[in-house]
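The chain below stands alone, shown as structure tokens; this is the form predicted on its own.
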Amino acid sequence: MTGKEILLDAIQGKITERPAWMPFVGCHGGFLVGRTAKEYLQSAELIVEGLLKAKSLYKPDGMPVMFDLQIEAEILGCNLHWADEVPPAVTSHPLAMGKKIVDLPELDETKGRFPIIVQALETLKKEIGQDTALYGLVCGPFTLALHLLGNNIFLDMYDNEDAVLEVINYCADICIKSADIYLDHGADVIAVVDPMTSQISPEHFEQFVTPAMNRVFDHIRSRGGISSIFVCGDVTRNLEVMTKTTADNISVDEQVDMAHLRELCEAQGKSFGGNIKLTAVLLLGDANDARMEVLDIMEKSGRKGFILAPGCDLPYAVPSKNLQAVAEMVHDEYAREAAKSLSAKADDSFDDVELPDYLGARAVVVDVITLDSTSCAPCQYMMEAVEKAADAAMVKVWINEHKIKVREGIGVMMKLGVKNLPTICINGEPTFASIIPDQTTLVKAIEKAAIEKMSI
């Protein structure tokens, strides 16, 4: 069987001879060809070059054509900030600046960077499409709505439900248009990537997200396509409602228990994918860390309806040897058995990583533990929420972002006892884990911490 056939069997819930392997190569493709993320994500030729290099190195069964959740937002009028090693970040929100839905531009394959995507997809279809499944990734309706509305969406979900539903339904229409562009040009799977759904409750997911997503998934199925819902972030509380959508596949990141996900997906007749650790293993670990991680995930996930994948978009500078070690575990049964005899390296004690002096600081210290606010949408919006609350609070606030893409960030995360990303810690105490509080709640928490500190 070809790798593509194995992946398509897996995503349709069948037992496969080995795990299907799906590295989410986004801006990492730029790293492979020695170009910046900004250059790579704006060039069909570089995308093709990067993905062909990734195919040669990593022996994947499938790959995304583009991993950038700002494609649709850019066309609809959001401004972007570009960087060298991460996808662009949204910096303006048209619907929060007085525009109405009717004022937003139309979306079709001639707009924005879709011509680049179409050109790359058609080339890749000819070059590797016979044995490699090509994914079209679209920004999910809730995350796209947040791009258009900004953080106010969280309050509006309580105070102005109808208006939020209108925007999310509009964004579902955009998702359908994006999916059609990919399907029209040969994509095998459409993944609706909606990381900001990790920030809402199951009740809000069912109220605001499920109907919109189901319209998208049902449309994809009506066209003979295969669909996946992919959430980067700790979506544990929403796993059950996610599995009850009409998507064919559920893909998750490293913070989700794969055994639990497997159980939920089996109950709903869905396939599932994930969830290799991006930073601690792939970026900062070594080849043996990658082998041990993959063996553990494979054991928990079994061979029915399972796709091995990183938890989200691969960091730009992931060492190729670590991803090649993953491929080795996928393709070489003997290598798997040999690796089982090796023990993973001892955990780092992080003795040299120091925490802030919370008692001695002449301010409330707010630590935000993130993947990276320049590339992770939930992290970006959590940082924005903290900065606004700090400005509004009646006390002095010091803000630190600790990115777990670097060792220091992992050390702070471990020492503060943080289990989820992103998390807000106030004076050394994890206070808001994997959820963005509204400004009033966050300001009160900061001011309360100041009062408690003065009383010590």
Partner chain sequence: MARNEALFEAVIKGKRPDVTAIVQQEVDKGTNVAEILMESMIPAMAEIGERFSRNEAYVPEMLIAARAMQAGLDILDPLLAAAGHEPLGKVAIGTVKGDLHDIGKNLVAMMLKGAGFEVMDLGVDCDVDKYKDAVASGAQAVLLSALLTTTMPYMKEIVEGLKGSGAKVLIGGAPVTKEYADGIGADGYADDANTAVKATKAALGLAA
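Positions refer to the first chain, counted from 1. The shown structure was predicted, so the numbers you read here are calculated from the model rather than taken from an experiment.
In what follows, reference is made to the form predicted together with the partner chain, a form of this protein that is not presented.
Visitor: Should residue 154 be classed as touching the partner chain in the predicted bound form when contacts are defined as heavy atoms within 4.5 Å?
Guide: Residue 154 belongs to the contact set for the partner chain.
Visitor: I'd like to check something about residue 349: if you look in the predicted bound form, is any of its heavy atoms closer than or equal to 4.5 Å to a heavy atom of the partner chain?
Guide: Heavy-atom contact with the partner chain at 4.5 Å: absent for residue 349.
Visitor: Heavy atom to heavy atom, is residue 178 within 4.5 Å of the partner chain in the predicted bound form?
Guide: No, residue 178 sits far enough from the partner chain in the predicted bound form that none of its heavy atoms falls within 4.5 Å.
Visitor: Can you tell me if residue 129 lies within 4.5 angstroms of the partner chain in the predicted bound form, counting non-hydrogen atoms only?
Guide: Answer no; every heavy atom of residue 129 is more than 4.5 Å from the partner chain in the predicted bound form.
Visitor: Tell me which of 180-188, 201-209, 106-114, 132-140 has residues with heavy atoms within 4.5 angstroms of the partner chain in the predicted bound form?
Guide: Residues of 201-209 come within 4.5 Å of the partner.
Visitor: Please tell me whether the candidate spot formed by 89, 237 and 315 is one where all three residues come within 4.5 Å of the partner chain in the predicted bound form (heavy atoms).
Guide: All three within 4.5 Å in the predicted bound form.
Visitor: Just to confirm, with a 4.5 Å cut-off on non-hydrogen atoms, which of 375, 279, 245, 275 contacts the partner chain in the predicted bound form?
Guide: Of 375, 279, 245, 275, the residue with a heavy atom within 4.5 Å of the partner chain in the predicted bound form is 279.
Visitor: Only one of 162, 337, 159, 357 gets a heavy atom within 4.5 Å of the partner chain in the predicted bound form. Which one?
Guide: Partner contact (heavy atom, 4.5 Å) among the options: 159.
Visitor: Going by the partner chain in the predicted bound form, which residues of 3-20 come within 4.5 Å of it through any heavy atom?
Guide: If the 4.5 Å heavy-atom criterion is applied to the partner chain in the predicted bound form, 3-20 yields nothing.
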